[in-house]
Structures are given as structure tokens and as C-alpha cells.
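Before any questions on how it binds or moves, here is one chain, the form predicted alone, in C-alpha cells.
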Amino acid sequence: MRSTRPLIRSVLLLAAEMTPVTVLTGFLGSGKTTLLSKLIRHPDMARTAVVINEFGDVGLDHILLESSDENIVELNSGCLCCTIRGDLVVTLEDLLARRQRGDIMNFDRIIIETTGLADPVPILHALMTDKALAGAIRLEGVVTTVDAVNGAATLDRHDESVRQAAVADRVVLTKTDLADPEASNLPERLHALNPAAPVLPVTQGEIDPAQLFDAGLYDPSAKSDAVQDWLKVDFTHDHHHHDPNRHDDSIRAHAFTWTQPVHAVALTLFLEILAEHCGPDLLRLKGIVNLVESPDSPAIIHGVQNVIHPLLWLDAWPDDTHDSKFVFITKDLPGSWFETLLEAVNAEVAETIARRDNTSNLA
């Protein structure tokens, strides 16, 4: 009987030569970008390529990770950042080809950050079955972020979040400094969805990369029967050319550019109105804002449902336009309303400031 050891050795050698790919998923506002921005600055994550898939025509995640207006850019951390311009497989083929030609740095790991509205199953299916990628990459694992503030309600309302948790090898429980996940039985729900995946609580995205990576080949047989059934579906002819701003009939991405500086008070009022009146229908808010009071250092805004996070600041603008950019992902909210609201609030604040200045000059 012929020994199988040479075959096993050949398979192991082939796997070792493949570039490991980790999928980072999680619902809107669950902390993916915060986690990723901390990971790529860790010394152990140098020589990593990051592929970002953003929902909507105007993407901001690549700006929030590092300032860039290029499709592929080398970050200060030693990583690469690449934004998906179309099909994921085509993007990965291009990335690998550029590495082969020596056009970009010789990365040895790929992280794919999905949009928060993504069903991860077609992505995993493509990575495991696409012939163009066979022999070049290996799907190493899935990391899913779930936030302690909105995680339980999100699982109730959005099937995508259930799938994101169910397929994971590691579940990262974020924002544990803002809410007690035990109060909503969130850890128990996640364990019921995915008993094999450890739940790792973090604050501000701080975690040792060793806890998330080098998990070995992704093993669907270790997941629930439901996950195994999902992965058996043929996604070859799935819709690749849908409207990038539409997820379904109710969830849409709205983006607009604001060319005039915004008063800081107006931005504060604008965000407070959104948090108070939009609630759970404001699935995600991101923006880079030119404030009258800080023209050289743009403000970064983040919001998830009723939670608006404190402003962050970039040291400099990522481009020469200095235009503010806003992206909203909403459920059953008209996109034009946001721009109209900002215009009204900013005009009222500007008028109030002008009256105050005129009164001061008369005095």
C-alpha cells in the first residue's frame, strides 16, 4: 500500500505558501474600524494588506484608518490599505499580481474588512471555492465584532448580524466600557449561536493580535448545521452589480459633500438632533468635517443609533479640497433630510453669531 505521507507533506507545503486571509466582519458601528486601526499599528501586524469594502459611493473607512486618495497605499504602520472597487475576487487577484510584480510591498497576510451590512457567507464561499484564488490564498479565520451597547437589539432586528456571529472563529465584544453585556444576556446569545467561538471583551479596540489570528484553516464543519447549509449555496451568479447605495428596500446609504466650513456649535446641535430623533433607524453615521474653528485639523464624527461618539481629530486633511463629507446608513429615513437639517442649523448658528458680533461692535 502506497504511503500517503508524501501527499500530506505536499499539501502542507502548499498551504504554507498560500497567503492567509482573515475576514473581519460585524454589524454597522460594532467597532470594526476601531479594532482594525489598532491592529495595523501593532508591530506583529506589519506586512499586512487590508482590503476594505465600504457601503455606498462615498467611503470614509480608508481615511479613518490613514489618509489616502489612492486605491492601494502603503501605511505608516508598514501595512497596505486597499479599497474594493468592484468584485472582491478581482480586487484580490490585482493585489496579489501587484505583489508578484514587485509594485507593492511583499505583504504576508490579508485582512478583509466587510461592510457592516454584509452577509459574510457569500464572501467566505468565494474565498474557499474561487478557482482564480486557489493555491494563492487560504481562508484562515473569521473575526466578528459585536458591540455591548446595541448588539442584542441588532441580533433581533438584522439577520446579517446573526450570520456574522454564527460564522465567526473569534467574537470580539466591543464597547464593554459603555454597557454591561450581561444585562442583555448578550454573551449567552452569542454562545448559543456559535458555541465554538470564544467571546473576547475589549475596550477601545485594544487586543493582542495573537488572540485573533493564526487560527488555522477555516473549518465549516466546526460550525453549526445552519452555517454549513448556508455555505453550500452557490453564489456564483449572485448579484454583483446592484446599487451600491441600496441594501434592501428600507436600508440605504446617503452621502453628501459640504463645501462651506461648519460652526462647531452647529455640528453639536446637528448631532444631538440626529441622536434624539433618529434613534435605531440611524444605523451608522461617519463624517470628516471642516470646522470654522479648526480649519487645518478636520474633525471625525462617528454615530450608531442613539450613541454619538466624541469627536476625533486628524492632524491634517487627506486631500486639498478641505470639503466636509458625511455618510449615513439608515432605515426608512429620507436622505435629503440630513443635508437640509445641517443647512438650517448651520445658517441659524451663523446668523446668531453675526447678530452677537454686530451687537458687540455697536457697544
Partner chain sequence: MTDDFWNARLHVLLDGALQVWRIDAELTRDGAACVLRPTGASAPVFVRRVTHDGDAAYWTVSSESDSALAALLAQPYAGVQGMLRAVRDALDPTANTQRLVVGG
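Each form is matched to the other, and the largest set of C-alpha atoms that superpose within 1.5 Å is called the rigid core. Note that this is a predicted model, so its numbers are computed, not measured. Numbering follows the first chain given and starts at 1.
Beyond the structure shown, there is the form predicted in complex with the partner chain, which is absent from this document and is the topic of what follows.
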### Query
Considering the partner chain in the predicted complex, which of 276, 293, 156, 108 comes within 4.5 Å of it through any heavy atom?
276
### Message
Using a 4.5 Å heavy atom cut-off, which residue among 51, 299, 45, 333 comes into contact with the partner chain in the predicted complex?
### Response
333
### Query
Is it true that 121, 123 and 213 each have at least one non-hydrogen atom within 4.5 Å of the partner chain in the predicted complex?
no
### Message
Since only the chain is shown here, I'm wondering whether residue 317 would be in contact with the partner chain in the predicted complex (any heavy atom pair within 4.5 Å).
### Response
no
### Message
So in the predicted complex, is the partner chain close enough to residue 204 to count as touching (4.5 Å, heavy atoms)?
### Response
no
### Task
Considering only heavy atoms, tell me if residue 35 and the partner chain come within 4.5 Å of each other in the predicted complex.
no
### Task
May I ask you to state whether residue 351 is within 4.5 Å of the partner chain in the predicted complex, using heavy atom distances?
yes
#### Entry: Which of 100-108, 179-187, 147-155, 266-274 lines the interface with the partner chain in the predicted complex (heavy atom within 4.5 Å)
266-274
### Task
Scan 123-152 and write down, in order along the chain, each residue with a heavy atom lying within 4.5 Å of the partner chain in the predicted complex.
128, 129
### Core-aligned C-alpha movement of residue 37 between this form and the one not shown, 2 Å or more
no
### Query
Core-aligned, does residue 276 move its Cα 2 Å or more between this form and the one not shown?
yes
### Task
Take the rigid core as the frame of reference and indicate whether the C-alpha of residue 46 shifts by 2 Å or more between this form and the one not shown.
no
### Task
With a shift of at least 3 angstroms, figure out whether the C-alpha spacing between residue 165 and residue 285 grows or shrinks in the predicted complex: closer or farther?
closer
### Query
Shorter or longer C-alpha distance for residue 32 and residue 339 in the predicted complex, given it differs from this form by 3 Å or more?
farther
